[in-house]
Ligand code: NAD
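Only one chain is shown below, in structure tokens, and it's the form predicted on its own.
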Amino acid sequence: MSSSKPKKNPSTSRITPGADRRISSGNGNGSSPPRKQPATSKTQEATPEKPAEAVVPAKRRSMYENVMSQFNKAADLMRLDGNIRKILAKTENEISVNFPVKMNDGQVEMFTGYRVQHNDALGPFKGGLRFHPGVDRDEVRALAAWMTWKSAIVQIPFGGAKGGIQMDPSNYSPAELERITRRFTFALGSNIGPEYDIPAPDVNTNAQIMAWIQDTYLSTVPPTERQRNIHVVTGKPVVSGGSLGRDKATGQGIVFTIVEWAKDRGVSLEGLTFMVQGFGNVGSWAARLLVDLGAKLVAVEDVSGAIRNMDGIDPKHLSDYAQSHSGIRKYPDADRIDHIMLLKTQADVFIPAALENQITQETAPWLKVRLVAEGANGPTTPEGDAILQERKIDLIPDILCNSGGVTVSYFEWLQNKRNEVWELEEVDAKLRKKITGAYRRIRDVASDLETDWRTAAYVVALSRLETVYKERGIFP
């Protein structure tokens, strides 16, 4: 990180945990440092050893253009009904709010927040909220569409939405983050609701943020209705109605897909080598769970830098170290490497669980792996996809691989509605059934249509949505 970045206070880092994006540490700062204006260049930041422009091209298609490119490829292949294609190519609602918040020093700062609701044909809108300087309408629009496809793939009754605030949470104290969160919730008003649009954690947000949203929303409904609205958000603390297993759900889903891939390929998990980019909630949990199955973590990258030890890295010890040292870069039991060296590391599996657009036309040729399991949203560009296919590197697409989070969010929502509490074993069993079922559907479609897995995943999602629209018709 650059030396101009305000120093973080480790004692408050638990408020906003490390992001699953390389460019944001996501730690709260209790010292109220000077404000910094969001800089678009941060979204292209690389490790200190390597300039950003060598990692991410200066000119590239937007995230939403990538989504539409993938959508159109699948729609053409399956010959999606033209009228339904028009509907799914557009978002239903796009909400933008500007709201003031008083800072600790008494000054008022203006924030811009977004909530994009892509489609609700299958059920209420569902999707995370992220706090990040790179948040804009195009990014949120793309993420909302991905949520629609994910829910359709794992066959849960949700639509797709996404939202966030354009800000760097590491610049604000815990008290300021709480006020920002509550004011954003109030500004969204009736655009969210337990049977309409249900937010969840995402980059730089966590269970604490969800608890603040829940409390703020419940204060706006009559007292007699509050207990019937606790499922307005998911990813809450367990004592506030959250589900056991939600913290590890996305990482657990990644591992379930890798297990199925290993079965299909006749690969043993014992001794399987893997590397992770992004060591926040998603990446760290995926690493822990894979190591528990006998795999070996050999390289890791986060916002602070990258490390490698071909003899193996203990992910639990590394996670504890990262929390107390604001990153992994100086971890004593591994060698420091740069971003390019990480991507060139020889391993069986690469789990990109950080920033989008990491596997590109420039970087895809560097990979020396058998499988890319996309823990992040959109880590591979269409050009990178083509190179992976040409090089016969298997890929489990993001809309399948990281769908564990929304699946367990559905379980949490359902438990709240039924006033039930499920044991962890039940949650894990139900999640495994959903993820493996989706994996096998996509595998079969990829084989039947002789296409790549990403396109097959889109076909599975679009087919389900097409069926719903044809059965229901178009009003009026």
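Computed from a prediction, not measured in an experiment: that's the story for all the values here. So that there is no doubt, residue numbering starts at 1 and follows the sequence shown.
The same protein also has a form predicted in complex with the named molecule, omitted here; what follows describes it.
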query: Contact residue in the predicted complex, chosen from 214, 257, 402, 117 - any heavy atom within 4.5 Å of the named molecule; finding: 402
query: Position in contact with the named molecule when the complex is considered in the predicted complex, options 299, 355, 209, 373, heavy atoms within 4.5 Å; finding: 355
query: Listed range touching the named molecule, judged in the predicted complex by heavy atoms within 4.5 Å, from 92 to 100, 310 to 318, 176 to 184, 376 to 384; finding: 376 to 384
query: Partner proximity in the predicted complex: residue 250 to the named molecule, non-hydrogen atom cutoff 4.5 Å; finding: yes
query: Interface membership of residue 278, the named molecule in the predicted complex, 4.5 Å heavy atom rule; finding: yes
query: The named molecule contact at residue 236 in the predicted complex, heavy atom, 4.5 Å; finding: no
query: In the predicted complex, residue 397 touching the named molecule (heavy atom, 4.5 Å); finding: no
query: Residues within 4.5 Å of the named molecule in the predicted complex, restricted to 452 to 476 and counted by heavy atom; finding: none
